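For reference, the chain that follows is the form predicted on its own, supplied as structure tokens.
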Amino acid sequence: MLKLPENFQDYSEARQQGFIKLKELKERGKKVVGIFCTYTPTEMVLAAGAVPVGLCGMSDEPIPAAEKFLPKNLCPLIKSSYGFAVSDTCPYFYFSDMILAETTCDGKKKMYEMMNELKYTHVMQLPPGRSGSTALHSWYDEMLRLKEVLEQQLETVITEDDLRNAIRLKNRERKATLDFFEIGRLKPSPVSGYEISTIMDSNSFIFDTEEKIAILEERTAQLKKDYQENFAGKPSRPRILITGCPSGGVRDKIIRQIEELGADMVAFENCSGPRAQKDLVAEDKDPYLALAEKYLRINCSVMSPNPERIEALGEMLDEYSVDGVIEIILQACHTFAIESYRVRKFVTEEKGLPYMALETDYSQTDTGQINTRISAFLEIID
């Protein structure tokens, strides 16, 4: 297994340090907006002079608290997110002046109604598909509505210059993020998928965008140098692509295990990967329209129809020289569970690659079963 860098910061440590930094920002009068999803236009939060922070939702610890109010047979990500909020065990939720959410699934949007009773929660009404001009017009209106809400809730004014500056800054961050993810294209990969996943999640607890960019650029340069000196020309282990649901909450029991069992996790075709970063916000047009266009292009399974996800998956399978695909389906995530049929058919029939779906939650009860299935899957690839 690849060694982690000496200064590697794990998710828990980064989250703890983030608590302290955010407290200091609040004490200096900075406003904070809690967010959950890649559909959230963080440029608008930055333009409002506030800090966007990803809220807790990748642990099974608060799920018992959530199940006092929510059904047990609900997505663990939703239960974890609400559990942290209702039990008041997520400092990021505590420090947030408001929550910015979106209707990416039925479970989330109903949970947000309950979260609004705990703290003001603005829900953006995401169109169910991209077809025709109606969807874009609706999403554009949501951008304008969000501007009014942010200005009212945060007692500020969003100027067009501030928004354009935020767009340029976030585009630079997207470019640095993509360059980091694309290190996985090298064969053999000089970076573990576990490190990729952890660094990206840990970076969400850094509130200075310039600092995020610098960290990503420095690590990317180190890995390119390391590849030339220590990896180029050497044999490659089986190369695995992860697709499906966000994988942060199952990082240890799936991603770590894939690599400890002898494969390289080289690509993420999910919300934990480059899906939301792969194209930039246009900088030469109405910024609200540009944001609407960019965020509507994200290929999540909530979109119907969603052929763009299959197209993007095909490109990644080729560009990352993938040997096998593992799809993560979180319990009760119906859109990804249903779409997995098309993914499996595409991967096995059109691309001729091994495919396996793992349906799981945030508990550790199925760890042994998952290890057995991953081992058998890697034997098929070998």
Partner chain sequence: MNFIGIDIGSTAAKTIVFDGTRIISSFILPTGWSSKETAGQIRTHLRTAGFDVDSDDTRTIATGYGRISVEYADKILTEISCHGKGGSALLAGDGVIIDVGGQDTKIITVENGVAVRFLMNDKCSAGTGKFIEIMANRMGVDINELFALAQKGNPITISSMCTVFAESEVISQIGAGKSREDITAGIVESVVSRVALLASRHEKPDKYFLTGGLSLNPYFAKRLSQKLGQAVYTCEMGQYAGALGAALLAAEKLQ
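No experiment lies behind these values; they were computed from the predicted model shown. Positions refer to the first chain, counted from 1.
In what follows, reference is made to the form predicted in complex with the partner chain, a form of this protein that is not presented.
Contact check for Asp366: a non-hydrogen atom falls within 4.5 Å of the partner chain in the predicted bound form.
Lys23 falls outside the set of residues with a heavy atom inside 4.5 Å of the partner chain in the predicted bound form.
Taking non-hydrogen atoms only, Met356 approaches the partner chain to within 4.5 angstroms in the predicted bound form.
Residues of 124-151 include none with a non-hydrogen atom no more than 4.5 angstroms from the partner chain in the predicted bound form.
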